[in-house]
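This document starts with one chain, in the form predicted alone, laid out as structure tokens.
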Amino acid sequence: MTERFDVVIIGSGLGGGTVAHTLSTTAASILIIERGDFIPQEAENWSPHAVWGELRYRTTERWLDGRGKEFLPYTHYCVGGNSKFWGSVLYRLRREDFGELQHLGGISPAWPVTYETLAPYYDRAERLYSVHGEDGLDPTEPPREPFPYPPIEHQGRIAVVVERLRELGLHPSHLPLGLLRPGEPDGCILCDTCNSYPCKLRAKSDADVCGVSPAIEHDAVTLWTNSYAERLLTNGAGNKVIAAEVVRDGESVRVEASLFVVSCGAVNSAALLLRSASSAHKDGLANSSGLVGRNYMAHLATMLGGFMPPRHDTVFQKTVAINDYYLRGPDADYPLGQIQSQGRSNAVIAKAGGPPAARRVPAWAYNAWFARGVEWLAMSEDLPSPDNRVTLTSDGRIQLQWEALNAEAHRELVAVTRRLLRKAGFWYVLPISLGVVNTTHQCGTAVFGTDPTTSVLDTWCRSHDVDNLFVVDASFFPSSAAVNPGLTIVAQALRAADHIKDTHLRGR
């Protein structure tokens, strides 16, 4: 069976969903291929037992780490991808992130584009994903237009902590949050199930709600769910993709198109390109540089729990960031990273996501702590290394070799955060380490650049080797920076989609 479209987009997350949304206004026939399905709106969306205890929505697929040991990645196959489960923090990279930066653990390379290149696309991305924030408070914030929506105000204990941080000479700022119509009858209710939960109200700015669902309202856009792209096929010269082999509801389908956009996430996009090896591309599709799958990065992240009696009733705690140490530490001339408040936790999450010892702590103890505490995230930049990579085993399984780089600077950030929160009034501050291979904020496996020998993609995210192949997700990142990658994926997806319209789809 063979189907034919003008554009095929593989993956419906931030990259694919945004590209589909942008191209939906053209006359081109577009197919979105998603290996999962829509997340149903149901009571379990907000159930810690369902989401964390039963892992109701997470993939059951097991990957291998560098030692060949199986692990369960934090990955969701569904319309909207992992953005359905994110905390919707939508940061711009700092201007300095686009240049070469010396870190304690090594060098963060420069990008082939500048902040000014992406700035107008950041503006559009914030409007498309309804970002709330306030400019002028963050000392590292690059030049920008005002946020399209006002900030989510700090509540209760968070507001008290923010004032104490200011008294300490710091510059706490509002987290830029993608939320839909907060406070309105059909909008976000600022609940405690944002981080890691799907939104039962569809009031969180994810790739499904903001990208895919509006796109498929157009007659020319088709969405296939429960459809897995096994490999891409090229012509004899190997310079054009002519078809994708897709398994749809258990049946094999050949899908032909003039243009292909791969947006499966940094790990799965690399895996698809590697699976698509042929006589013309013996080491994997678009891999003449040998860099497909290499330079995998994920942020160094530590969750910290701060205890401050008495009990408090602050429901939505995820509103504040501290970027004072983003470019240099208090006693060091090198970057440390970012600190964010997190959504309110509970015993189920702590037991499911913590180390083995965490499961032995009684639930009442956790609940007593969380009723009096605030969770914080300390996040540092990971650095690229060709040895950190995605490969395929002989039987086609994903193997992820990853060793965290820049770990000493991250330990310093954790120590600084603990001291800071103690000064801000928390009695105890305890770090929590998940102790697993990090698959959140994954990036870097098909880096973009101007030199085909040192990059996989050009600055529009088009393959150097294959004329009609784009890879639009966080695979293109040359560095990970130390802020959430989502908005940068969206901004570059808008930029790539505009380029596609002006070139491959001109006149459509």
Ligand SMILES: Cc1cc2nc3c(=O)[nH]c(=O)nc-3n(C[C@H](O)[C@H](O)[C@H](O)COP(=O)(O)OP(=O)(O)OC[C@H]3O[C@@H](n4cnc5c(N)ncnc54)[C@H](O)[C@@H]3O)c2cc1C
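Note that residue numbering begins at 1 and tracks the sequence as displayed. On a predicted model such as this, the values are computed, not experimentally measured, just so you know.
One more form of this protein exists, namely the form predicted together with the ligand; it is left out here, but the text below deals with it.
Counting only non-hydrogen atoms and a 4.5 angstroms cut-off, does residue 78 reach the ligand in the model of the complex?
Because a heavy atom of residue 78 falls inside 4.5 Å of the ligand in the model of the complex, the answer is yes.
Contact between residue 121 and the ligand in the model of the complex at 4.5 Å, heavy atoms?
Flag for residue 121 set to no.
Is there any non-hydrogen atom of residue 20 lying within 4.5 Å of the ligand in the model of the complex?
No, residue 20 is distant from the partner.
With a cut-off of 4.5 Å between heavy atoms, is residue 491 one of the residues that contacts the ligand in the model of the complex?
Looking in the model of the complex, residue contacts with the ligand do not include residue 491, since no heavy atom lies within 4.5 Å.
When you measure heavy atoms, are 35, 195 and 264 every one within 4.5 angstroms of the ligand in the model of the complex?
Yes.
Let me know the one among 417, 338, 388, 83 whose heavy atoms come within 4.5 Å of the ligand in the model of the complex, would you?
Contact with the ligand in the model of the complex is made by 83 alone.
Option touching the ligand, based on a heavy atom within 4.5 Å in the model of the complex, out of 147, 228, 98, 369
Filtering the options by heavy-atom distance leaves 228.
Among 438-446, 453-461, 22-30, 64-72, which stretch sits within 4.5 Å of the ligand in the model of the complex, heavy atoms only?
It is 438-446 that comes within 4.5 Å of the partner.
Which residues within 465-486 place at least one heavy atom within 4.5 Å of the ligand in the model of the complex?
Stretch hits, in order: 473, 474, 484, 485, 486.
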